[in-house]
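Given next, in structure tokens, is a single chain: the form predicted on its own.
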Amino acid sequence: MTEMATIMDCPPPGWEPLVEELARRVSPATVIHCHEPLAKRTTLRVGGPAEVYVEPASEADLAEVVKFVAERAVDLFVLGRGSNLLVRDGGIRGVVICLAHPSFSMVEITGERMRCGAGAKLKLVAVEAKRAGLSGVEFLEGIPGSVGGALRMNAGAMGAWSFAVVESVRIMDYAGRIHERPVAEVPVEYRACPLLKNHIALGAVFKCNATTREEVAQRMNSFSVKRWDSQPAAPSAGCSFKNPATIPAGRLVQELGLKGHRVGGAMVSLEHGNFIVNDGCATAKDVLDLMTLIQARAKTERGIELHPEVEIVGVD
């Protein structure tokens, strides 16, 4: 009998034959969990479970998973390290893929270029660049995400953003085919990369600049001090809203007098008005209701439309 991936927990009703088929199509090293709690896999620590959660062990296994969901018309969601993400309390239907296997987390340095897998932690990328005396990716150190998530959201901090230092990206389409594209062929937007709405990021090449370890360390330390002076340590998803053209969202929330405002276990951070934190007992509904309240006040009192920066997924 051909070896198959181990299925953890009983499949959801109606999923039994589908999950068994998926387990046969991938290698035994691939992880398959049913009813996997996603709150523990997001930085906000709220949200319901994934019906089926898969950690492919290789690109070949990933290709089998995406072909499987396409053939079976199953919903697919790709999960990074769970920052900038709000999962509704009903969880995510279908298959959730996470590139957490070590095969997707490599960081290789050649000269001034870093080839990084989509599963690599952004902190690791910044630390390895510092070790090699490479500048340009220091801002990634404080973002609690992965390379794949940073590409999908064009993540940024400290006045810099991901695609400003990306040279090329490696992606997989939903037919399981792999492509490598130079950054000039990848349209990006503020906090978004439209290409990655229907492709999966496998990795990227970052173009850095040679300098000294000491100079990189100094920049990283100054960013860290600035971050922790202005951002909360409590669980959050990062910035809740995109900045309007006329005023930073955090300043707007502060001027509206909403710092410290609560809905259930969700609270507007006292440190930064654009962060909603979880006091330990928040639900996704609490967070969503608080976001709706902030949007209504911004519209009513200042005539400003606030649009979520955090990605909201799942069902109620």
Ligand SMILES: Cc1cc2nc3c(=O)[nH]c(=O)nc-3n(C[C@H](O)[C@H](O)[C@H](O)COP(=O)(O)OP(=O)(O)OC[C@H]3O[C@@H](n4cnc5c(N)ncnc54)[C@H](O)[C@@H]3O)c2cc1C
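Just so you know, these numbers come straight off a predicted model, no measurement behind them. The numbering used is simple: start at 1 and walk along the sequence shown.
Form predicted in complex with the ligand: not shown, discussed below.
S.K.: To verify the annotation, which of these, 219, 130, 81, 88, has a non-hydrogen atom within 4.5 Å of the ligand in the model of the complex?
M.R.: Here the answer is residue option 81.
S.K.: So in the model of the complex, does residue 238 come within 4.5 Å of the ligand, heavy atom to heavy atom?
M.R.: Yes - in the model of the complex, heavy atoms of residue 238 and the ligand come within 4.5 Å of each other.
S.K.: Using a 4.5 Å heavy atom cut-off, state whether residue 43 contacts the ligand in the model of the complex.
M.R.: Residue 43: yes, in contact with the ligand in the model of the complex.
S.K.: Taking the ligand as it sits in the model of the complex, is residue 244 near enough to touch it, meaning that at least one heavy atom pair lies within 4.5 angstroms?
M.R.: So residue 244 does not count as contacting the ligand.
S.K.: May I ask you to check whether residue 275 falls inside a 4.5 Å heavy atom distance of the ligand in the model of the complex?
M.R.: Residue 275: contacts the ligand in the model of the complex.
S.K.: So which stretch, 204-212, 67-75, 177-185, 148-156, is the one near the ligand in the model of the complex (non-hydrogen atoms, 4.5 Å)?
M.R.: Going by heavy atoms within 4.5 Å, the stretch is 148-156.
S.K.: On the criterion of a non-hydrogen atom at 4.5 angstroms or closer, are 19, 22 and 93 all touching the ligand in the model of the complex?
M.R.: Not a single listed residue reaches the ligand in the model of the complex, so no.
S.K.: Residue by residue through 205-229, which ones have a non-hydrogen atom no more than 4.5 angstroms from the ligand in the model of the complex?
M.R.: Residue within 4.5 Å: 227, and no other.
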